[in-house]
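One chain comes next, on its own, written out as structure tokens in the form predicted on its own.
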């Protein structure tokens, strides 16, 4: 699982940072969280291809989080995409997409499916789930938690040999969770696999004030990506607009037991982000402000 920060700025683009867009790559699939203006060009300047985006999750309807959608869909069409695209967002996303997909003399060359999510909605995919969490912003907004499903336990090679199994394809089938037959004996996966292991977990806040319900949903995250619009000195003012400071984001990371915190939605006022990182690291040491196009490999705990 690889995170690519396509847009780490807030409110409007700056020379250093485009607006919100976070890509998560799993195998050949790309899951996109938010799609601010210019996201299709950010893809072109990154290691990823926008043609591999299969799912998009939008947190709310401020322009810096969704205005890239019509451009991205049009770029996909001009590159002969035929595969369906699925988009999720808060209530109103269906009406919004109907408008965005009718702008100008243009229509998508592929199917676009749109679904609404509310607090606690869960979308279940074969290998992971994405759950929405109501956030505290000045417009209706949801955050998202991507949770991989449990993996099989570690393969006990010695135990398999004790049972008389030959090394080779049978080992692989057992590791994939299949029951095998050999020399009149049935061997189930649980006979040679340890306890199931947790998958990886990513939590993304979108724009928000500090939220205890989001901290609860993000508990044990491998990566927390949180609104950190300003440093602590401007915290009170930003709270009035429904945003968090880097210090407050770090408090959420600490409270939810995250392994790593990435601070995003950085105000265009900051050329130097050292104050944001310092305020965060005073509370939670493993905090970082990513630059656009930075990549992070999310490793398993075991």
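Owing to the predicted nature of the structure, the values given are computational and were not obtained by experimental measurement. Positions refer to the first chain, counted from 1.
Just so it is clear, the following notes concern the form predicted together with another copy of the chain, a form of the same protein that is not shown.
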_Candidate stretches 232-240, 271-279, 58-66, 252-260 - the one whose heavy atoms come within 4.5 Å of another copy of the chain in the predicted complex_ = 58-66
*Would you confirm whether the three residues 147, 189 and 199 all fall within 4.5 Å of another copy of the chain in the predicted complex, going by non-hydrogen atoms?*
no
*Looking at the partner-bound form in the predicted complex, is residue 244 within 4.5 Å of another copy of the chain by any heavy atom?*
no
*Although another copy of the chain is absent from this view, report whether residue 41 comes within 4.5 Å of it in the predicted complex, heavy atoms only.*
yes
*Is there a heavy atom of residue 288 no more than 4.5 Å from a heavy atom of another copy of the chain in the predicted complex?*
no
*Heavy atoms within 4.5 Å of another copy of the chain in the predicted complex: does residue 194 have any?*
no
*Counting non-hydrogen atoms within 4.5 angstroms of another copy of the chain in the predicted complex, say which of 164, 168, 84, 104 makes the cut.*
104
*Answer with one of 219, 79, 175, 121: the residue that has a non-hydrogen atom within 4.5 Å of another copy of the chain in the predicted complex.*
79
_Residues from 229-262 in contact with another copy of the chain (non-hydrogen atom within 4.5 Å) in the predicted complex_ = none
